[in-house]
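Quick heads-up: it's one chain on its own, the form predicted on its own, in structure tokens.
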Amino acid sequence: MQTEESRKAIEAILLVSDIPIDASLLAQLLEIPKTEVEKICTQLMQEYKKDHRGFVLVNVAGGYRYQTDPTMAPYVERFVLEGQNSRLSSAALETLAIIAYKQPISRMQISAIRGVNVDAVIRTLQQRGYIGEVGKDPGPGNAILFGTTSLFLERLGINDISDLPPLANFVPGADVVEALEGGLRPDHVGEKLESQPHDEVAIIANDETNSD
């Protein structure tokens, strides 16, 4: 009977919470061992999956929460995004990725990587709750350092920042880098001119001069 009541209590608490609830807090509220909470949550996960429910119970960002079944994403997105224009811009996503992989990082360091001023983007990400101030640089100026939040982990469905895919997966191979560098070398223009017929050389050279 106690186990059944604990199951119902856990379901009720998680249903009204908009953030993942740590097992330790659930154990404290229900006055039962943490291991018992984890056991009950595992059983609930299996039951929901077996019953093919439209929602699932997951362990994310250090706690438990309900979320929609991933296979129902097309329908949920249609409902959530209908008539809304709240998606992050490409600039915001790029900045968020830099912070996620390089945190803790200062505003100046982010600007140096992106090559543009990021003040507005930083404010947007803070307002959305995806990043926050995590400390100050001990160096001159004591610049504010930024890092991702638990909400960021929630949105990605991961428990820890270490669960992010390796950055190396997004870096082009050595052959691609070499090809790009080859196309940017100063002697590349000279090679192009030598390969062109004589009457086209003047036109290409003139175009290169005007583009400067």
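A quick note: this is a predicted structure, and the numbers were derived from the prediction, not measured. Heads up: residue numbers just count along the shown sequence, starting at 1.
Not pictured, yet referred to below: the form predicted together with a further copy of the same chain.
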Requested in this report: Spell out, yes or no, whether the shortest heavy atom distance between residue 104 and a further copy of the same chain in the predicted complex is within 4.5 Å.
Outcome: no
Query raised in the report: So in the predicted complex, does residue 35 come within 4.5 Å of a further copy of the same chain, heavy atom to heavy atom?
Result: no
Query raised in the report: So, in the predicted complex, is residue 39 in contact with a further copy of the same chain at a 4.5 angstroms heavy atom limit?
Result: no
Report task. Report yes if any heavy atom of residue 149 sits within 4.5 Å of a heavy atom of a further copy of the same chain in the predicted complex; otherwise report no. Result -> yes
Report summary line: Contacts from 4 to 28 to a further copy of the same chain in the predicted complex (any heavy atom within 4.5 Å), listed N to C, are 4, 5, 7, 8, 9, 11, 12, 13, 15, 16, 17, 18, 19, 20, 21, 25, 28
